[in-house]
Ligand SMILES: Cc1cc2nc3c(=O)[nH]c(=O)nc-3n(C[C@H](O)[C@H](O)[C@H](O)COP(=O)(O)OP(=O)(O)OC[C@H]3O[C@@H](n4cnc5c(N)ncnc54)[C@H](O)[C@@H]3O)c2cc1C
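Only one chain is included here, represented as structure tokens and corresponding to the form predicted alone.
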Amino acid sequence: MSKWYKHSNNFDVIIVGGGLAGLTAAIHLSKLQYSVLVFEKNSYPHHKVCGEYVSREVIPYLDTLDVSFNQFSLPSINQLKISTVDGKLLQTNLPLGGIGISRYAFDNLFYEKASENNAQFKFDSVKDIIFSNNKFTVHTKDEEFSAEIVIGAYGKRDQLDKQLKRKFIDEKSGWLGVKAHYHLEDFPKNMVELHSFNGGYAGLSKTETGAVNCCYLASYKSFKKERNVEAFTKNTVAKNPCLNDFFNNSHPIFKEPMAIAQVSFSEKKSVHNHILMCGDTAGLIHPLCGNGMAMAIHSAKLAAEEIDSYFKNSAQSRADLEKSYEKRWNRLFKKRLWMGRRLQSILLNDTLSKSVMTLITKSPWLLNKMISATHGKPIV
């Protein structure tokens, strides 16, 4: 089905970024026999700052891609526990639930599947993407590649955003993400926890190794009061009684936590300069919603379906492809992103969060409403 010579630098689709969105698109399109090249800066496997909880809404779709988790002993998560800054707790069932898996294992699983499908990988940084004469040219430091379609799946923020002149890139981003794995034997396998602290919130859940992933998001305004991640974790994050208990009773597995700066929640366009944007590159949902990994996978499914339709239908123009993808993306994700921003503003406001927690305690169905507003239905 490929239009290009197999051993040239020309491809049907080039995917910039080998996270979950990029890898999912690579698996889907290579399964359909399109020639695919994925650019990723780092070789697999590697850790990433991430909550590492995946909603079950994507499992039926992954089954169609022949992605199997049989080699792992995955925690099956069906309970959510949340707390306010002062440790007031609330627990509820998760309607669909999810699985706990590290990005170290998850991304590598997808990489192996895409490679099995004959997708090609280039472990290098992309310097620029040029669209001219209805074709893309992608440059690294030393090489040039071309494709009819390019998918942008390079994450939350990248130097490419400057080259592409995306509007949000000049806005200051006031968020920092931190992740580490801990050993805590008696942490429930079926539980994901979300705990607030002054200036942020932390998520806890088990992964396939039995380690507990602790990933928190903090505002720079609160973080800059401390010298470093260790001091901030001890003096601010652990002020939440639930998190204090966790840190006191667990043992760190990583030599030091991973951190990512300039986490941007600004609105972005799902199509820019004719590039189809997927995952966090198109829009980042607040981690408290616990749905970023599923949304990344789902957005890649949409892009792959639209690309397949474009290649198979000679009457479909590039404008038709972009319009259809943007329309479907907005219908599925725009409301979820908006709700994520609203929930975050409530959770980080001490007075509001206490009022809402009190209201939810009296009317637990409200929490389920919030969960359903940021999650989708199972996709195939």
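Start at 1 with the first residue shown and count on from there. In this text, all values refer to a predicted model and were calculated from it rather than measured experimentally.
The discussion below concerns the form predicted together with this ligand, not included here.
Visitor: Out of Val126, Ile307, Ala114, Ala147, which one falls within 4.5 Å of this ligand in the predicted bound form, going by heavy atoms?
Guide: Exactly one listed residue reaches within 4.5 Å, namely Val126.
Visitor: I need to confirm a contact call. Of Val271, Val85, Leu74, Val263, which residue comes within 4.5 Å of this ligand in the predicted bound form, counting heavy atoms only?
Guide: Checked against the cut-off, the match is Val263.
Visitor: With a 4.5 Å heavy atom cut-off, would you call Cys278 a contact of this ligand in the predicted bound form?
Guide: Yes, Cys278 lies within 4.5 Å of this ligand in the predicted bound form.
Visitor: I'd like to know whether Ala153 contacts this ligand in the predicted bound form, with contact meaning heavy atoms within 4.5 angstroms.
Guide: Flag for Ala153 set to yes.
Visitor: Taking this ligand as it sits in the predicted bound form, is Ser317 near enough to touch it, meaning that at least one heavy atom pair lies within 4.5 angstroms?
Guide: Because no heavy atom of Ser317 falls inside 4.5 Å of this ligand in the predicted bound form, the answer is no.
Visitor: Please run the contact check for Gln33 against this ligand in the predicted bound form: heavy atoms, 4.5 angstroms, yes or no?
Guide: Taking the distances in the predicted bound form, the answer for Gln33 is no, it never comes within 4.5 Å of this ligand.
Visitor: So which of 162-170, 85-93, 211-219, 238-246 is the stretch with heavy atoms within 4.5 Å of this ligand in the predicted bound form?
Guide: Of the stretches listed, the one contacting the partner is 211-219.
Visitor: Let me know which residues along 191-210 have a heavy atom within 4.5 Å of this ligand in the predicted bound form, or say none if there are none.
Guide: Not one residue comes within 4.5 Å of the partner.
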